[in-house]
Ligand SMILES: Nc1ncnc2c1ncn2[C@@H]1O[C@H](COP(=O)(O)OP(=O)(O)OP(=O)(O)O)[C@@H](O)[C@H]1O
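Take a look at this one chain, the form predicted alone, written out in structure tokens.
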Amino acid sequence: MKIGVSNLKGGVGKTTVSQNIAVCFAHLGYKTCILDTDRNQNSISWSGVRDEELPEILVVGSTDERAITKAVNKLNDSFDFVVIDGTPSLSEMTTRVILASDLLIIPILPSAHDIRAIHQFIDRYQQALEFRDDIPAYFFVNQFQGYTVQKSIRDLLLQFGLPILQTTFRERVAYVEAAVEGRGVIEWTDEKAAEEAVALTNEVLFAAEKHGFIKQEKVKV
């Protein structure tokens, strides 16, 4: 199964989400890889410092939009989950990531500025649906700070007509610390962050099952 994590805006947590759900999948015993499409290659660097004793996660880099579909499909033949770490770009790469995905996660920060900026991405998503009408997409609120903010942001997001994942990541240093060591937060020391990563992964697995991409046979994280 191919899971795209994408947004045209940088700094919203695409790589954080990609790495942490990939780690959770790997701990469940799923054969998992990350396709890093960002020219900064942060997931490639993360993989380079990952301890070999931890569950294996292959990370492959591809920044050529013309090759992305072929690369994703080839990886999908060998892995249970291919997580596509998207790039913040108005280029064709974003459209290619959307079209290559079975399920799309759209991370967004809880701010009015980020909500306004999401319009361009939704336009790109709607254009992609003209070629494929079966790409379910979900918003994911990252770095949320409180119930009031969360509720107002969710109300604003509802105007786009896409479902919103119930799980949120709070702004925790554990996400940065774990990434520096090539780990996910379930492999780190912050239990609250680990609970968030597990909850997000379970929601993604539920959505994957709901849309018929997998049959949930494994015990969740």
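We number the residues from 1 along the sequence you see. None of the values given here were measured: they were computed from a predicted structure.
If you look for the form predicted together with this ligand, you will not find it shown, but the lines that follow are about it.
K.L.:
May I ask you to state whether K9 is within 4.5 Å of this ligand in the predicted complex, using heavy atom distances?
P.N.:
Contact check for K9: yes, within 4.5 Å of this ligand in the predicted complex.
K.L.:
My question is simply whether N42 lines the interface with this ligand in the predicted complex - judged by any non-hydrogen atom within 4.5 Å.
P.N.:
Taking the distances in the predicted complex, the answer for N42 is yes, it comes within 4.5 Å of this ligand.
K.L.:
I'd like to know whether V49 contacts this ligand in the predicted complex, with contact meaning heavy atoms within 4.5 angstroms.
P.N.:
No, V49 sits far enough from this ligand in the predicted complex that none of its heavy atoms falls within 4.5 Å.
K.L.:
At 4.5 Å between heavy atoms, is K70 in contact with this ligand in the predicted complex?
P.N.:
Taking the distances in the predicted complex, the answer for K70 is no, it never comes within 4.5 Å of this ligand.
K.L.:
Considering R172, H27, R154, K31, which brings a non-hydrogen atom within 4.5 Å of this ligand in the predicted complex?
P.N.:
Of the listed residues, the single hit is R172.
K.L.:
At 4.5 angstroms, heavy atoms only, are T16, D38 and P88 all close to this ligand in the predicted complex?
P.N.:
Yes, the whole candidate spot contacts this ligand.
K.L.:
Tell me the stretch among 175-183, 49-57, 155-163, 62-70 that has any heavy atom within 4.5 angstroms of this ligand in the predicted complex.
P.N.:
Correct option: 175-183.
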